[in-house]
Structures are given as structure tokens and as C-alpha cells.
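Below you'll find only one chain, the form predicted on its own, shown as C-alpha cells.
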Amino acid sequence: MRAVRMTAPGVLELVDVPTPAAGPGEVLLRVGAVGACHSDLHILDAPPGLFPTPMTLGHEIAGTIDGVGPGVDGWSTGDRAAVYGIIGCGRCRACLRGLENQCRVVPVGGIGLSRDGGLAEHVVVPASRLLHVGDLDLAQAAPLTDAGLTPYHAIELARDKLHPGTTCVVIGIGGLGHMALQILVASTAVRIVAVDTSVAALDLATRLGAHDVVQAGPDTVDKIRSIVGPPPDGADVVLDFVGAQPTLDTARQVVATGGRLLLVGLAGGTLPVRPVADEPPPLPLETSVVVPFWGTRAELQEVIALARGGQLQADVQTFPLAEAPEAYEALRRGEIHGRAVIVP
């Protein structure tokens, strides 16, 4: 079969490899679609030895079962499923509570992270990682497993702040941010302020239900403050899906006293946390900062339910498997709208 593999750190190649076979407790999935995530770029750029090579990338996977290994119940050939990519240790306190994204033994383990992923015609996955997707388009189902799940989890972590009449600022209307907008619209009654440098992204945000849009620039903070009010008031929740220094500086300056800042993006910015400072301005008192990671299987089931109910739809840009390396380069250059999805 064909697969797109990281053959060495920073090197992504389309190669031919044997089709794997499902072992005990596993299924062989014919890949219908796999999302291209910025996290994959971090894997490619990681120092040698941090991730195994060669390895097939791709952790946002949806497909059709082609084979069932011994001991698998509840799944049959022909079933359509999305893959929950995290594989925790299964033994620590977090895993036993269903919080595999907080595993205390395996910090970043899973399909396309520590074992072969979905950028291939087939992938073997533990049956325990599968969730039914019904008649969802597989190109829609695949992004739900991260681009949908991660913002859903972040919003769940701020749910106690997202009451009617409150304000949520969403920074970065890209692959995750545009999903966050839809989740907020579907599950809250908050005022949503969307922030991005791109006019096209802000037009999308308006179509998806954002109440206010702000084009990022030198006066981003002033523009947001004109909507959320002056300190100590401000945004009750700020979701930063970029994580660059300018976006974190903005987030810090618009969150309200007692608010919550969720740092989701991985663009390398830093957020000083100190109670008293002149430069940069300190976080407001009683403000909490959370760094979400992916989500739980239970949350993914809820994300799929939103999509099957027509309340969540990914803005996708599709590529054939042979063009996966080019898709990642376009992603690196910031040329992808919504989510890039590889369709083998």
C-alpha cells in the first residue's frame, strides 16, 4: 500500500509499504480521510529521537473497517468510524477516569504520534479507539477527531464561565478556531468576538455566527476593549488558537478580572504569569490560565453528535495522498483555509 511517512526528522515521503494486518483487539481500517494538523509540523521539526522514524503521520482519521482482529466485539467489516488518536497507559489515575489526554505515564502517545498513523491507504488501530460516525462524510468526520475535539475540550474547561451575557474572544479563525465558533454557537448563549489577521477568515466567522469581528493589527487590543469594556472588565473567556507572542499579548490584555485564558495554539509565544508588573502588564487578578490538550473519548462522541445533528461542519480543503507533502508545505506557509484533509 501507499503511505506518507516521516523517513527521517523533517523528511516526508510517499512510499510503498506492506499492508498491515489486524492483531488481537485491533481492526484494519481503510482510510477514507485524514486531517493535516499543525501538530504534524511540530513532529517533523522535532529533534532526532523524540519521535520514532520511519513513521506514518496522521492522527485525524476516519475510514471503513476492512478487517477485524481476534477478540474484537461490536465492530464488523464495512462499519464506518472515526479514530480517537490518543493511547494512554490505561493504568494511571487519569486513564482510569477516562482522561487519557492527561495520562501520567505516556505524555504524548497515540496513532500518528508514537505509532503509524493514517496518512496511508490502511491503518491498524485498537478497536477501543473507534467511534461510529453513521452516514457522515468521512472528509468531515476526520477533522472532528482533533480540529473539532480540541476546541470542544477547551470550551468544556471554561464552561463554568460561559454563561448567557458573558463574552468569549476567539483568536485565530483557522482549522480549530472556526470549529470553536460553531461549538460556542451550538452550546452557549455568549457574545462571541472573533479575531484574525485575514479578512476572509473574519467573513467566515461572521457566517458561522460571531457577533463581532476584529482584524488583528497594531490596535487589536483597543478594538477588542471597545467591545468588552475597560479593565477590570473584559472578556470572560479568551481562546487563543494561535499561541504566538502577539496573540498572547492580546489575550493577556483583554481578559477580565476573574476570567479564563485558554492557550491552545502552539506558535511558540510565552505568557508571563506574575501578580505585579509594569512591562508587560500582569494578568488580571483571579484570572486562570489553562493549557488544554486534545480531549476525551466521551467528548469526541459529543462532537460527532453535533456534526451528525448539522451543528458542526469543517471547512475543508482536500488533497490526494500523493500531494500530502505539498499540503503540509501549504499549511506551513499559512495557505490553508479551514482544515487540509488528505483523501487516499
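Just so it is clear, the structure is predicted and the values come from calculations on it, not from any experiment. Throughout, we count residues from 1 along the sequence that is shown.
The same protein has a further form, the form predicted in complex with nicotinamide-adenine-dinucleotide, not shown here; the description that follows concerns it.
When you look in the model of the complex, the only residue of Leu208, Leu162, Cys95, Ala201 with a non-hydrogen atom within 4.5 Å of nicotinamide-adenine-dinucleotide is Ala201. Contact annotation: of the candidates Val242, Ile111, Ile224, Ala81, the single residue with a non-hydrogen atom within 4.5 angstroms of nicotinamide-adenine-dinucleotide in the model of the complex is Val242. This chain is displayed without nicotinamide-adenine-dinucleotide, yet in the model of the complex the stretch 173-181 from 231-239, 173-181, 112-120, 126-134 comes within 4.5 Å of it by heavy atoms. Contact check at 4.5 Å (heavy atoms) against nicotinamide-adenine-dinucleotide in the model of the complex: none of Ile87, Glu100 and Arg297 pass. nicotinamide-adenine-dinucleotide is not shown here, but in the model of the complex it comes within 4.5 Å of a heavy atom of Cys37.
Looking at Ala142, you'd find every heavy atom of it more than 4.5 angstroms from nicotinamide-adenine-dinucleotide in the model of the complex. nicotinamide-adenine-dinucleotide in the model of the complex comes within 4.5 Å of a heavy atom belonging to Thr247.
Remark: Thr197 counts among the residues lining nicotinamide-adenine-dinucleotide in the model of the complex, judged by a heavy atom distance of 4.5 Å or less.
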